[in-house]
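Only one chain is given next, in structure tokens, and it is the form predicted alone.
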């Protein structure tokens, strides 16, 4: 009886193996919808589908977060007052209590959280001022400032990684390029005022008739 079971087991393994090995698709047959989308996205009626030509004039960097790899705008070259060390010659904690020092960034006020929760050095690295800093003291490059935002705004961050939050640059066609948090939000005052959608005034249309 045991020999019969062993024989049946071997037959089953051979059948499964042969099925996997001989799994040949027709031109338009795919294992799943993702394979079909990936295949169809490469070309459409012989034309290559890509966003590359539309984002060519935007300086981007590639990032990988979890399963998602995409492009974001390069940030540091767009900041007028960067690098910080061009002006700051000492650590912030050495400069902030100097009586004769000029007040820097006097025109910036924080409207992000209350004073007990957040101040300048919550995000800005006092020891390495050309970088940002996480709540655990890890340096964060200015180009990757979204990592700073993701510490508190976890839900929005997960949506952003998948493309559901924020603005996609030009097209969904690969390579995907997305705006980061600071491209849309002022990091010191990130709140958007409530906006109501414009309503089509049907009464005025009737009056024109």
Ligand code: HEC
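Numbering follows the first chain given and starts at 1. Since we're looking at a predicted model, the values are computed, not measured.
From this point on, the text means the form predicted in complex with ligand HEC, which you will not see here.
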For this session: Indicate whether residue 167 is a 4.5 Å heavy atom neighbour of ligand HEC in the model of the complex.
Result: yes
Exercise. At the 4.5 Å heavy atom threshold, is residue 136 in contact with ligand HEC in the model of the complex?
Worked result: no
For this session: Indicate whether residue 84 is a 4.5 Å heavy atom neighbour of ligand HEC in the model of the complex.
Result: yes
Problem set entry | 4.5 Å heavy atom contact, residue 71 to ligand HEC in the model of the complex | no
Exercise. Since the partner is left out here, which residues of 107-136 would have a heavy atom within 4.5 Å of ligand HEC in the model of the complex?
Worked result: 108, 110, 112, 113, 118, 119, 120, 122, 123, 124, 129, 132, 135
